[in-house]
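First, one chain by itself in structure tokens, the form predicted alone.
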């Protein structure tokens, strides 16, 4: 079920178009990664999703049930309780304790004291902050501060959690801990939207991704679909001896390929047509009775896909 849809959404500031004609659907249960360079429109997209800003054109719609949809911006006062937001930089109050911060943000959402007390106790246990509840926020480690920030965004039990660079400035171990925490949050029924420059983090946690460049959504969908081998991907072939390999290279060069790289016993082939090229190579190997150790189709990494899109926009 769709939770948020952006329909033909554009955002302009004076004569500058920051986002142009964006269509995007966020479904219940997604972990959506938002990818883009600085100035690409990524932050503006997050602000539209959370309802912080209104589109210049188009419509941002929130679906509170299968039968009901509401304009995100016109009904923000009713919808904000369904959305939590964790910015890149800490939003908690450093001179308040962990528990005081959670009470403060919970009251901002209008939760009654009894319900808020239950939510806070559950959150402290869930995020492993219960042993630190009486510490000042500024006394926490970087990883614990990020847990507190996320907790402040979850205190009202939102349906959607939006995070801007949640693993920035954290070491690899803390990054892994925060990503694991977000996966656990998602298992509790919270749909998650993450913007990050760390594409390996997106690749490890997200089921969907959207790539934004120069104000336009260039690609979006299931991560597995985006990374399926295509005409710009490559695959590797291992053969046993150099003598056999030289003849194989000459035969491959006349196939519909862009290039071939010799890496010792491994050949890296960049085909123009994967299916046809693979069939031809297998036929050559069989015909010449060559020893084939491995034929491996390599999916594009998210980083390679992103770099390709940026480069194509520059050409």
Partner chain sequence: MMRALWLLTIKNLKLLLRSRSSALIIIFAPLLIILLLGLSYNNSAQFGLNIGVYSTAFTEDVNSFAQVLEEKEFTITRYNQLESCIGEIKSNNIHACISVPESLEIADNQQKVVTFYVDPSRVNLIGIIQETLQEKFSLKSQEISQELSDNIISRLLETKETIIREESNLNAIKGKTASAASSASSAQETLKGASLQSGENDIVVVNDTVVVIQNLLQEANDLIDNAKSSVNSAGIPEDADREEIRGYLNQAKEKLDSIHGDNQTGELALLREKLNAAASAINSASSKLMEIDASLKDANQALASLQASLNSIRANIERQRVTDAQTLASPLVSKIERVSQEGTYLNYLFPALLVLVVMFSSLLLGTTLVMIEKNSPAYLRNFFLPIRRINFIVSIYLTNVILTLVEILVILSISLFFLRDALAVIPSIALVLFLAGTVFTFLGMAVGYLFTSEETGVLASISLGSILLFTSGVILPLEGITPAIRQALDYNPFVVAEKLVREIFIFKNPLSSAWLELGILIGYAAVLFLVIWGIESLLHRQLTQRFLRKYHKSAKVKIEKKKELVNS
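Numbering follows the first chain given and starts at 1. Given the structure is predicted, the values throughout are model-derived calculations rather than measurements.
Form predicted together with the partner chain: not shown, discussed below.
Original post:
Among 160-168, 121-129, 176-184, 217-225, which stretch sits within 4.5 Å of the partner chain in the predicted complex, heavy atoms only?
Top reply: Contact criterion met by 160-168 only.
Original post:
Does the partner chain come within 4.5 Å of any heavy atom of residue 52 in the predicted complex?
Top reply: Looking in the predicted complex, residue contacts with the partner chain include residue 52, since a heavy atom lies within 4.5 Å.
Subject >> Any non-hydrogen atom of residue 80 within 4.5 angstroms of the partner chain in the predicted complex >> reply: Result yes; residue 80 sits at the interface with the partner chain in the predicted complex.
**OP:** Using a 4.5 Å heavy atom cut-off, state whether residue 142 contacts the partner chain in the predicted complex.
**Re:** Residue 142: no, not in contact with the partner chain in the predicted complex.
Original post:
Does the partner chain get within 4.5 angstroms of any non-hydrogen atom of residue 85 in the predicted complex?
Top reply: The answer is yes: residue 85 has a heavy atom within 4.5 Å of the partner chain.
Original post:
Which pick from 201, 194, 152, 212 sits with a heavy atom within 4.5 Å of the partner chain in the predicted complex?
Top reply: Contact residue from the list: 152.
**OP:** At a 4.5 angstroms cut-off on non-hydrogen atoms, which residues of 31-48 are near the partner chain in the predicted complex? List them in order.
**Re:** The stretch 31-48, when checked against the partner chain in the predicted complex, contributes 38, 39, 43, 47 at the 4.5 Å heavy-atom cut-off.
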